[in-house]
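In structure tokens, one chain follows: the form predicted alone.
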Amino acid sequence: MKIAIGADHAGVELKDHLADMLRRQGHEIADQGTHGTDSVDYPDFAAKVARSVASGEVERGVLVCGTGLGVAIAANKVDGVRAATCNDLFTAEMCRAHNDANVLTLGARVVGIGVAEEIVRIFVATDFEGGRHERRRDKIHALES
């Protein structure tokens, strides 16, 4: 799977770790930055990842900031993006299975590396269930127009 990944200065270390993990699992990673700990603005990186997902350039996106909330708000401004902040394994599974989330956001100051790895693993491995959830996803998409 091709996955775009991005972060601000608060999330760069976790982003880099997760990108390496995903590469080891055989995924192609489009690293959208940042690449250092100097202060940057998270909406810039959220926009890069979200636009990559919305355009179909990549299948999924992963964003990391301090809480995961700012990047989720910014990413969800891009039509076609369904970004979900997940701090536990259950929400990681449900955001995919029921909501067809295509961008995962994480808080580097909220979850540890081990939990973050499992959240990402589940997000990537879980398929959208469709059925009654498809109708609901389509209603979310209709809100964009």
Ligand code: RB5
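Please read all numbers here as calculations on a predicted model, not as lab measurements. Numbering starts at 1 and runs along the sequence shown.
In what follows, reference is made to the form predicted in complex with D-ribose (RB5), a form of this protein that is not presented.
Shown alone, this chain has one stretch from 66-74, 88-96, 29-37, 53-61 that lies within 4.5 Å of D-ribose (RB5) in the model of the complex by heavy atoms: 66-74. This chain appears without its partner; in the model of the complex, the one residue of H17, H9, R121, R137 with a heavy atom within 4.5 Å of D-ribose (RB5) is H9. Shown without its partner, the chain has Y42 as the single residue in segment 11-46 with a non-hydrogen atom within 4.5 angstroms of D-ribose (RB5) in the model of the complex.
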